[in-house]
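Heads up, the chain below is alone and in the form predicted alone; it's given as structure tokens.
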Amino acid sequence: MWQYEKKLQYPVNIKNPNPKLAGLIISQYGGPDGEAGASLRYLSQRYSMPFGELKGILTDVGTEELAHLEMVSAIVYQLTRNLSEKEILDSGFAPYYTDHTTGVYPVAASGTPFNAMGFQSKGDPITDFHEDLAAEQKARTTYDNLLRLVDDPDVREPLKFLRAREIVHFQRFGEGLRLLQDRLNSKNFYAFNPSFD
């Protein structure tokens, strides 16, 4: 099992609340390319992965995505703490506030609630690793988009850290896919699969 260290992977210390930003950043909690889907994707895929090293990559990255979920939650919470009614109304945060007050809820910036249909666990190692590579690039792009919209350094620094980790995850999945293809090529997997050829 895991050992849980009770601190964030990267510190989040936001001085200035900004509910408008929180309404955008929440997408990396429960949006289509957010950390909730990523952690569930990798931790679900690991069970059917036939090779221990690749199962290890999925477990490592999946648990790190849970740490990213904590960071995004801390960012959203700190951006929305102690808001006045005027700040809530003026910022456009009122629809979220109406449903969730300032609780952290898995939702996209568009308001669409998290849905497990946004990720896949196919049980085919090649399919799953291609899914994972694409997912990490989509998450990186979302962080890129957020960084274009955020000028507060207290918010930018943790977002930059999270973006950098998406790149590392992409590289780890790339290494895993190469290892997987080498193993399957040795069995002539691409040219002949006796289960349906």
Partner chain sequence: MVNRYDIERRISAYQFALYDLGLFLDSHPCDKEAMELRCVYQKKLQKLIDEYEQCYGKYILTQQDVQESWKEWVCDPWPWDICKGDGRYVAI
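Positions refer to the first chain, counted from 1. Predicted model only: the values in this text are computed from it and were never measured.
Keep in mind that the form predicted in complex with the partner chain is not shown, yet the notes after this line are about it.
Looking at 131-139, 54-62, 23-31, 39-47, the stretch with residues near the partner chain in the model of the complex, meaning non-hydrogen atoms within 4.5 angstroms, turns out to be 54-62.
Shown alone here, R172 lies within 4.5 Å of the partner chain in the model of the complex, counting heavy atoms only.
Taking the partner from elsewhere, E70 is found to have a heavy atom lying within 4.5 Å of the partner chain in the model of the complex. In the model of the complex, none of the heavy atoms of S91 sits within 4.5 Å of a heavy atom of the partner chain. In the model of the complex, at least one heavy atom of N13 sits within 4.5 Å of a heavy atom of the partner chain. In the model of the complex, the residues of 151-183 lying within 4.5 Å of the partner chain by at least one heavy atom are, in order, F161, R165, V168, H169, R172, E175, L179.
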